[in-house]
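Below you will find one chain, with nothing else, as structure tokens; this is the form predicted on its own, and questions on how it binds or moves follow later.
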Amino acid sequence: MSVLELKSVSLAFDEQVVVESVSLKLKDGEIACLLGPSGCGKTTLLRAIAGFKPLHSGTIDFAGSILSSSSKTVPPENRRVGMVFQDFALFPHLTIAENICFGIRQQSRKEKSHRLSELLGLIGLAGSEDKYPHELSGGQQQRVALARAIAPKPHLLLLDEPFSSMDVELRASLAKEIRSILKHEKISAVMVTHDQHEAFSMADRIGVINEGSLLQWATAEDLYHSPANRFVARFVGNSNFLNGVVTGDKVDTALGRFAFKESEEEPIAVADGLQVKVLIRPEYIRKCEGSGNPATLLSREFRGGYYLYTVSLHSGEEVQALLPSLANFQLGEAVRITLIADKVSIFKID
């Protein structure tokens, strides 16, 4: 069942449309991420879901009720929507217990005490109720902000770039922790981020946004292996685009002939001889012995368990390939490579 549905939502500032005709559905208990570069409209869309921004057109429905349309906006306090802000927004003069219980002040002492104990255990801060925010680390403060937001048991939780001020390692671990907490509480959530790794760690479904348009609403796997267009392919992961020529149900490239798949969002009028761009992810490429495509290793970047090599093909095209860092490949070395993908994605030439 869809708990949140946006239908042709457009948003504007001074009549200038900044988000245009966005439609999406979020199922009960799902966690979604709005992913895109800075200034693409994702935070504006999140604010509209929260009720802070009126709609230019379209509707936002929650559990069958209209929360926003061009003619009405249900106030944020009446939406049963929680929000975790980028800067945590904890009250520095209140203890951790007082911060967490801020949204449930009207409950009885017994109810508050039970909920506080439950949430402190859930976020791994049992025994810290009398501390103040400045006594906690950044990751601990973020968990307190989350506990405060979910204390009233909201129907929906919104998170605005919640990990942006943290280092990469802490981001990854905290994203997994928060996902686990939300799943435990059975809370649907929408998070905004520009970091694909955060989106992959957190989300059941990801919406890639650029210039105010929703380009694709899909799982992380589909975004990566079956992107809707070249922007999504470039934005999500490393990508190579080789020249290709369609022959029947195959496409010929400098790495060989392969079966192909088209984007459902941007179908192509396929015909023999059609020139296209072919998406090749770096990890699709393998070094092989004997048969294979001749190539030369031009440069490399150390990535821990792998090197990201830049490889020159016989066609003059260059691609990036992920190859094990334990293997001793020399720059300038002539090698043979092959592609392990069953199908490749093709796109129109811009």
Partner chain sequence: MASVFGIRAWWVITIAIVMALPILVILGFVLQPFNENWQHLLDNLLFEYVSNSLLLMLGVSVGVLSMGIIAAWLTSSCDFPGRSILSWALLLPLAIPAYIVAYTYTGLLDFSGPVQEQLRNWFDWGYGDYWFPEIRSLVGAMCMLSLVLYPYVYMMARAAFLEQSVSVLDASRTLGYSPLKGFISVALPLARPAIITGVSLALMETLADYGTVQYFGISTFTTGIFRTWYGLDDSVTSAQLASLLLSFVVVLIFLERQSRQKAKFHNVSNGSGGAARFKLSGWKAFWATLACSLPVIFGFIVPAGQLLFWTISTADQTLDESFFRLATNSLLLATVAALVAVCLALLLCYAKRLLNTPSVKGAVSVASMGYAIPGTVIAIGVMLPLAWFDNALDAWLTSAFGISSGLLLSGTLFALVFAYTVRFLSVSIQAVDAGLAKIKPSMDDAGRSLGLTPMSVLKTIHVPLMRGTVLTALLLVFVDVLKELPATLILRPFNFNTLAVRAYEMASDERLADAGAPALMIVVVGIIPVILLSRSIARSQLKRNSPLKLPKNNHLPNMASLS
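Being a predicted model, the structure only gives us computed values, none of them experimental. Numbering follows the first chain given and starts at 1.
There is another form of this protein, the form predicted together with its partner chain, and it is not shown here; the text below is about that form.
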Quiz prompt | Listed residue that, although its partner chain is not shown, lies within 4.5 Å of it in the model of the complex (heavy atoms), from L174, M83, V192, V144 | solution = M83
Practice problem: Counting non-hydrogen atoms within 4.5 angstroms of its partner chain in the model of the complex, say which of D167, D87, D130, E211 makes the cut. | Solution: D87
Quiz item: Looking at the partner-bound form in the model of the complex, is K186 within 4.5 Å of its partner chain by any heavy atom?
Solution: no
Quiz item: G273: heavy atom within 4.5 Å of its partner chain in the model of the complex?
Solution: no
Quiz item: So, in the model of the complex, is E77 in contact with its partner chain at a 4.5 angstroms heavy atom limit?
Solution: yes
Quiz item: Quick one: is F52 in contact with its partner chain in the model of the complex, heavy atoms, 4.5 Å cut-off?
Solution: yes
Quiz item: Would its partner chain in the model of the complex be within 4.5 angstroms of a non-hydrogen atom of every residue among G237, R281 and K287?
Solution: no
Quiz item: Looking at 87-95, 217-225, 237-245, 175-183, which lies within 4.5 angstroms of its partner chain in the model of the complex, counting heavy atoms?
Solution: 87-95
Quiz prompt | Within 230-267, the residues that have a heavy atom no more than 4.5 Å from its partner chain in the model of the complex | solution = none
